[in-house]
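Before any questions on binding or motion, here is one chain by itself as structure tokens, the form predicted on its own.
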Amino acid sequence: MNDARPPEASSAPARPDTPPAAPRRPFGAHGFDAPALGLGAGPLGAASLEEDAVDRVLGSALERGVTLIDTAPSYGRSEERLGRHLEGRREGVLLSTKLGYGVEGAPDWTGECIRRGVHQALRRLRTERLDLAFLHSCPPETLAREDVLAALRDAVEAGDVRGAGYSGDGPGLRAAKREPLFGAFQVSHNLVDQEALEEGLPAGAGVLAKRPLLNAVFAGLGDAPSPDRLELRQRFERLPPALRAPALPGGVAELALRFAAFAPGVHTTLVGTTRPAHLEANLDALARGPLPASLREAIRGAWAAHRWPGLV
């Protein structure tokens, strides 16, 4: 179990008349700070999304200190849109993306795919450096391939990638924790998925918590839900009533975000949105600080009663 204290926020408290900004924390042993709230850029890749909406949410994020943005080649037009809309305001932004697949002409999970994937991401994002690059939910046997690791190591040594990491849970994560190359991890951490932090992560690693809001399954499943959404909803329904309808201004969303963002060992929580109002609501929730100890322990106890495995 990772029993380190939660990272301290380095920003001063906001004045009452100032909208709250994302607090910043040292990102593990990497030598730079990261915001407690990061923007998951998956929704920004939707073909139906208006370009003006992309610009509005990015502008709102940067204005409020949400300067870590996580994308992937599987997120539709996300990388390409970020490159265009961040042009001229890249300084101070931490760009994170994924590697290992989605490169035309290169087989997935090969050294060639990693090498070409780095340059594809640099081109799409219109940047000279990826601040974080994660191998995306690959199994242990992929992590044993020297060509894959060598290509990623070469990208770090060349300065194309600032920090290499692994994104995923379960057996893949357990194997990744043994690889010294990985100094950052993107893992699930929420009300019903706590295995990754419970088992512990390497000292000094930067940690991004994904799915902190359970993919919003508490608000409904929608049409044709994916298996992971169904599983999250089933787990959520087995939580005690007090956790499914908490007495907080932001309800379950606030409970989930404050639990994940102030968990020991977490540096940044990733939440995807296309709406500035949602971003502001999340920042308002974070401004209320960690949950009371009794509520945190109730959440941990509810997970421990089932010990649900990490969802990849």
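As the structure is a prediction and not an experimental result, all values here were calculated from the model. A residue's number is simply how far along the shown sequence it sits, counting from 1.
Below: the form predicted together with a small molecule, not depicted.
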property	result
Listed residue that, although the small molecule is not shown, lies within 4.5 Å of it in the model of the complex (heavy atoms), from 86, 118, 94, 214	214
Partner-contacting position among 136, 81, 235, 162 - heavy atom within 4.5 Å of the small molecule in the model of the complex	136
Output flag, 66, 194 and 290 jointly within 4.5 Å of the small molecule in the model of the complex, heavy atom basis	no
Non-hydrogen atom contact residue 182 with the small molecule in the model of the complex at 4.5 angstroms	no
4.5 angstroms heavy atom contact with the small molecule in the model of the complex for residue 273	yes
4.5 angstroms heavy atom contact with the small molecule in the model of the complex for residue 40	yes
Contact test in the model of the complex: residue 253 vs the small molecule, heavy atoms, 4.5 Å	yes
Candidate stretches 145-153, 172-180, 86-94, 70-78, one within 4.5 Å of the small molecule in the model of the complex by heavy atom	70-78
